[in-house]
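Before any questions on binding or motion, here is one chain by itself as structure tokens, the form predicted alone.
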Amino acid sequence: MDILIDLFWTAAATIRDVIPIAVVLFGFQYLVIRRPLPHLRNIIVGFIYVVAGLTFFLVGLEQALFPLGELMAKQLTDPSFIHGIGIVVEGVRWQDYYWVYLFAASIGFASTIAEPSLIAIAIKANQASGGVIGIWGLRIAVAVGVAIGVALGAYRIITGTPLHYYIIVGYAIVIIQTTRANRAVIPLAYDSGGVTTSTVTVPLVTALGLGLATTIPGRSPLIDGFGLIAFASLFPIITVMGYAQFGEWLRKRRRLKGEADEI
């Protein structure tokens, strides 16, 4: 019974959030453009699907993903897990949390691969480039960037080092890459960083950050628990431009090798 009540109130909140979008779209279509919408029935059915899907997704987040992410963080940072039951060690070094880093990288990679918005961007990029940009190549490049970013963010939470140091260095690398990367890939790389702040990645990464900040002594959930999303958005820009630069370097090398063979 509780789950049905939860579904009802979540559906009501979702409808309230979707209504402004519908008002803007239908308002511009009928009041500004002044043309009827084609396939109106399909659009209405689509809106119903959106509301239903968001409702079940949000309830699933609250019931499963958030608690699971926090539970995993607590278990992985438990001293009895790190050192073994019955073994007492004074203090815990950052190196002792290697399972946390591996879990953070794995959850960042897996959640990004499953990200619907990234799949859509990869398909559109593949179509716009005439097949030059591979769908799986782009998805893996973004996922690797998120994995590195989330693992580094977990390291920051564990060590308690200031967030802005990492952000400054990260964007310095992005600026350097931007000056040297192919102009065609720069907008795609910047958008790829934004796609990671979407439906699947954000809840899992946020739950992990809050779980780590809650269980590690001396950390504040408010100050240290957030910030992982910034890492998850920054590092895909680096990896996508790096992926494009590496691919361009390979093509040049093959072309030079082919010319050398002809000589």
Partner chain sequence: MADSIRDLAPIVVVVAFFQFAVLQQPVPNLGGILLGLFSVVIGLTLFIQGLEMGLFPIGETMAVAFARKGSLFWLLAFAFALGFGTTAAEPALIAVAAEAAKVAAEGGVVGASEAAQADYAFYLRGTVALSVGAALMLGVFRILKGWPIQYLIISGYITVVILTFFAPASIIGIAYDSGGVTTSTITVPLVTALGVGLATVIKGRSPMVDGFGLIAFASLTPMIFVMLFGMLWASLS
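Every value quoted in this text rests on a predicted model; they were computed, and no experiment measured them. Numbering follows the first chain given and starts at 1. Note that the rigid core is defined as the largest set of C-alphas that superpose within 1.5 Å between two forms.
The form predicted in complex with its partner chain is left out here; the points below concern that form.
Y190 belongs to the set of residues with a heavy atom inside 4.5 Å of its partner chain in the predicted complex.
In the predicted complex, its partner chain sits beyond 4.5 Å of every heavy atom of I158.
Using a 4.5 angstroms limit between non-hydrogen atoms, Q127 touches its partner chain in the predicted complex. When contacts are judged by a 4.5 Å heavy atom cut-off, L208 does not count as touching its partner chain in the predicted complex.
The candidate spot formed by A52, L65 and L204 is fully in contact with its partner chain in the predicted complex: every one of the three has a heavy atom within 4.5 Å. If you take 31-48 and check each residue for a heavy atom within 4.5 Å of its partner chain in the predicted complex, you get V32, I33, R35, L37, P38, N42, I43, V45, G46, F47, in sequence order. Once both forms are overlaid on the rigid core, the distance between the two CA positions of I19 between this form and the one not shown is 2 angstroms or more. Here T55 counts as shifted, since its C-alpha moves by at least 2 Å between this form and the one not shown after the core is aligned. Note: the CA-CA distance for I119 and G53 contracts in the predicted complex relative to this form, by 3 angstroms or more. Between this form and the other one, the CA-CA gap for I157 and G60 widens by 3 Å or more, being larger in the predicted complex.
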